[in-house]
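This text opens with one protein chain seen in two forms, each one given by itself as structure tokens under the names structure 1 and structure 2.
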Structure 1
């Protein structure tokens, strides 16, 4: 049994994860952390992570970016592994996560979906086959109209996974509106669509002569990210210091 602290327990994702753990015999949330609490949880809830005195095997973090600093202080002091799912972190916070991971197990991924992280692996193999044959690579990501960043972190991670196995002269192209020239064969195009309530959709196209290969992932609810976070928490229990990602979970 994995004992977990849910950091950000009363946010949308915290509630979804709580529901998943309630129906999973292999993991239990023993405490939550959230500044806003209406008393609906079956576990104790603390307004700040520094006040939490419940022992646990792992922390699942789906809180606001401003809360990550206090969380990392706690993780380092208590030596409790942490799954960091919070997005929108600053460069300084990301650097701190990497530093803390040299002393405590930390899992951080651009996307917690098991499906997306499997696609990362598939894209590396696909890029090694299609790029040398002159296939153009394009990524199109779609999200709801309230998402403020573009392109998505997942789209960039998809591109990064391919660039790892491609020549150094490949580069990202985000906008062609000011260009009046043919497509550079070494560019990876990344386009963003914002509208409605789209949870998340990512498509990668390998376009060659007379054929197109498409690899696509669609998230129909945020539950896919919650399920991945729970799998990551189980994986991280008992792990030694290091910076892990979802690729390690599905390896």
Structure 2
């Protein structure tokens, strides 16, 4: 049995994960953390992670970038492994996660779905074939109108996965509105659409002369992310210090 703390328990993802754990005998949410609590949870809820006095094997985090520093303080102090799913983190926060992972197990992933984590591998192969042939690379992501960060963490991770196998001079272009020049062949364009209740769509285009390859992932419910996060929490229980990702869980 994995005992988990749900960080961001009253948010959209926290609620879906709570529902999944209610029907899974191998994991139990023993406490939640969220600034606002309407008392609907069956577990105790703390308004701040620093006040949480319940022991657990792992923390599942779907909260907000502004909450990450206090979360990492707690992880360091209690030496409790953490699955970090929150996106929109600063470069400093990402650097701190790497540092903390030298002392505690941390699994960080901008997208917990099987589909996106498989696409990371496919994109590396595709980029190796199409980029040297002069194909332009563009990413378009679409999300609901409640999303705070743009572009999505997944779009950045998709770009990063390709950049690993491309020449160093490739760079990310988020906005062309001030440009009056042709597209730079070394840019990876990343565009964000926000509207309605779109759960999450990511599309990567390799656009060449007279042919276009499109690789697309569509999430139809938040359950795809929640199931991945629950698997990741079970995986991380008892793990030694290190920086893990969903590739380790799926492998």
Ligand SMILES: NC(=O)C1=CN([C@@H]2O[C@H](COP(=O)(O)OP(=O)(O)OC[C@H]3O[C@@H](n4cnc5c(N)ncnc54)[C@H](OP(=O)(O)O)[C@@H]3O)[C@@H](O)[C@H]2O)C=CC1
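Positions refer to the first chain, counted from 1. Please read these numbers as outputs of a predicted model, since none were measured by experiment. The term rigid core refers to the maximal set of C-alpha atoms that superpose within 1.5 Å between the two forms.
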Task: Structure identified as the form predicted together with this ligand - done: 2
Task: Hinge between rigid parts between the two structures (choose from 223, 179, 150, 26) - done: 223
Open item on the list: Quick check on the domain motion between the two structures: what's the rotation angle of the smaller rigid part, to the nearest degree?
Closed with: 19
Task: Per-residue CA shift, residue 175 (Å; core superposed between the two structures) - done: 8.6
